[in-house]
Ligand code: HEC
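We begin with a single chain expressed as structure tokens, specifically the form predicted on its own.
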Amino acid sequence: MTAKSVGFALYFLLMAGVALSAQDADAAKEITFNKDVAPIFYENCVTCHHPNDIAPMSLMTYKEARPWAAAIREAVVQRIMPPWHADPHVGEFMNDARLSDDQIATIVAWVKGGAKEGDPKDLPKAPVFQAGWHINPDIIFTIPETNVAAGNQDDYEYIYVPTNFKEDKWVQAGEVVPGDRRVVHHATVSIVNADEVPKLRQSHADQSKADSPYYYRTGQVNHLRPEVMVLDDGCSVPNGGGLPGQPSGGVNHVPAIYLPGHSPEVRPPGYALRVAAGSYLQFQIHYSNRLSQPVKDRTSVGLVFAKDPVKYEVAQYEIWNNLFLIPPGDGNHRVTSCFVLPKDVTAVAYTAHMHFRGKSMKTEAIYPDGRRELLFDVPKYDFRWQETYFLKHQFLLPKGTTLFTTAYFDNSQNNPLNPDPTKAIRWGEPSTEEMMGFWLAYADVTPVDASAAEAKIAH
């Protein structure tokens, strides 16, 4: 063999090695559902995207996910899914649902590479869900069977269920599961003392509230009277935007709520809600039955008791402006509310609440020394995805701090969700009217009695 032929042989061997190395590299880079994508879905998506849940399709298996590959790619690239509406540059949240850039790149590569299934041995163990639940409740309370009339698009029902607790309980997590998702628009479960229940029941049944100077009723649904004074800038008056003579904010004790797109309420370790012995649970349920037949509903709330020692007791300030008026066609209408904290509190979570015309909301803290800090910002509010944002790092809000909330509403024809841009809109409980609320879940800064809390933790 000549030197020249030896050189050619070495060259071809080298090229073959390069080709094989390239093939090995391509094989190593191959993205598959079982090895690369399923772990992302299991961690971030299948809480909703599993059979018989709120999402329109399941992503639990390759067979279920593959037809949606292109749509999934678009949704994650545009950060439409998983839904998350808080500004990522304002605050850090323990329930942040956003995918990382690397996770998005993996999904994009999977779709670009043909959305392959991969080796079944690479598929991780799938999460297991109780029917209808995203938590594992320690106890479940269900309302009696309730009739929801056909075509009744807005009805509020107040139903009281006894806990029958013989001692105080500490709740770290809660979730409301509608009995019939077709008709339950939203539901709030609150803790009330047993001696308050008869008075509350009477107030719901008392139609004399129709004579209120501020509200009128249709059934049990409240609306603001059109002749009531208009106050868009609640922060311009001492009570911050509440009704005349009333504060803009009040305290509620809410273990769980159901809103469109809302996840379970899971409080940080060491923070829990106290349910006193003998308490009742008030179910405030907004029914909206657009069906032509009556429906029977049995909505439930599931509670998870604290397993670790409870350090701080949680409650919630609900802060409102109820006096605004949004003109017809106004695409950027500003409304404010202010609330001065009456005591030192620890911030735990935030919730923004508006209806279909809600456009954006942000809350600033104005501290007693005059400093201002942006706490919370939802630049693109979406009524269909109302989340409670639990802080990763809790912090002190001192007594005298003003919570200054600014909301914008889009009552124009450019808002595709707008029920009617030709109407002037005021406060009202139906979704076709509006609300402007900022809720602060907080903890008392004084620790609970450690021995009492540990004794009452459920095991």
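Computed from a predicted model, the values in this text were never measured in an experiment. Heads up: residue numbers just count along the shown sequence, starting at 1.
Below, we refer to the form predicted in complex with the named molecule, which is not included among the displayed structures.
Novice: Tell me, which of Met361, Ala256, Val177, Val76 has a heavy atom within 4.5 angstroms of the named molecule in the predicted complex?
Specialist: By the 4.5 Å criterion, the partner-contacting residue is Val76.
Novice: Work out which of Pro82, Gly91, Pro137, Gly118 lies within 4.5 Å of the named molecule in the predicted complex, going by heavy atoms.
Specialist: Going through each option in turn, the one that passes is Pro82.
Novice: Using a 4.5 Å heavy atom cut-off, which of 39 to 47, 388 to 396, 416 to 424, 403 to 411 contacts the named molecule in the predicted complex?
Specialist: Answer to the contact question: 39 to 47.
Novice: I'd like to know if Ile72 sits close to the named molecule in the predicted complex, meaning any non-hydrogen atom pair within 4.5 angstroms.
Specialist: Yes, Ile72 lies within 4.5 Å of the named molecule in the predicted complex.
Novice: I'd like to check something about Val295: if you look in the predicted complex, is any of its heavy atoms closer than or equal to 4.5 Å to a heavy atom of the named molecule?
Specialist: No, no contact at 4.5 Å.
Novice: Taking the named molecule as it sits in the predicted complex, is Leu99 near enough to touch it, meaning that at least one heavy atom pair lies within 4.5 angstroms?
Specialist: Judged by the heavy-atom cut-off of 4.5 Å, Leu99 is in contact with the named molecule in the predicted complex.
Novice: For the stretch 315 to 329, return the residues whose heavy atoms include at least one within 4.5 Å of the named molecule in the predicted complex, in the order they occur.
Specialist: Going through 315 to 329 in order - heavy atoms within 4.5 Å of the named molecule in the predicted complex - there are no hits.
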